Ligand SMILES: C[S@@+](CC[C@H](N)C(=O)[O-])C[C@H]1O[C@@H](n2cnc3c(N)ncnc32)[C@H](O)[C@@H]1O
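One chain comes next, on its own, written as structure tokens: the form predicted on its own.
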């Protein structure tokens, strides 16, 4: 039984990586930044936000989640806070946490091309001594127990069915009294979702649970809730009036045709309350 479960987890990881992986992504990103008029030798974290914040709401909601988590005042955190960013993508949140809040960040992502881009951009903004990017599986975190003051994750659990293993791992690598901060789409009042959506073409690779189920699950791993906010409107690309620019991460990764279809489905999901995005902050007891 354990072997069968392990094989299933590996198949799901391979499927997720295949969905997100992109060839020649470093050059594609650099070309897009240059076409937008940015000097590749004088980049800063704020300039990159349109391109490297690959989650609903972008830079603004990253900063809002950091505020909820108490990173601005450093409450109950080491100095500098040691942060694990699970599903770090192109590295936008990790670099933002390092520059705005003085964190040292380890970002983990399953997709090699994303990690390669993240490493290049982190080097270009001079943060390689404070932010590192690794290829790795969120369900098999390669870190010692209690290694981090903060576990941070934005829009990374939607493709993961085994949320019990995911949050058990978060609890293991987080020190006692440490902070779990997340942004996560969850199942809305009405099901099922309309597809395609940003993280899946169909229901075979989308695994959402309701906010009530997630709240109970997280609490079961020794986490004490500090904040829980429904932020669906502010994190939905479909709720914005203007389309994202050409150097946005959504256009770079998804392309014009796919993004257009996702926007239509996203508007329906938003209007029909089929998805609920949550900002949650918890303390490990």
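Only a predicted model underlies this, so the values are computations on that prediction, with no experimental measurement involved. Positions refer to the first chain, counted from 1.
The form predicted in complex with the ligand exists for this protein as well; it is not shown, and the discussion that follows is about that form.
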Considering the ligand in the predicted complex, which of 137, 162, 201, 213 comes within 4.5 Å of it through any heavy atom? 137
Sort through 119-127, 172-180, 80-88, 143-151 and report the only stretch with a non-hydrogen atom within 4.5 Å of the ligand in the predicted complex. 80-88
Determine whether any heavy atom of residue 104 comes within 4.5 Å of a heavy atom of the ligand in the predicted complex, and answer yes or no. no
Applying a 4.5 Å heavy atom distance criterion, does residue 53 contact the ligand in the predicted complex? yes
Though only this chain appears here, would residue 155 touch the ligand in the predicted complex if you measure heavy atom gaps against 4.5 Å? yes
Residue 111: touches the ligand in the predicted complex, heavy atom cutoff 4.5 angstroms: yes
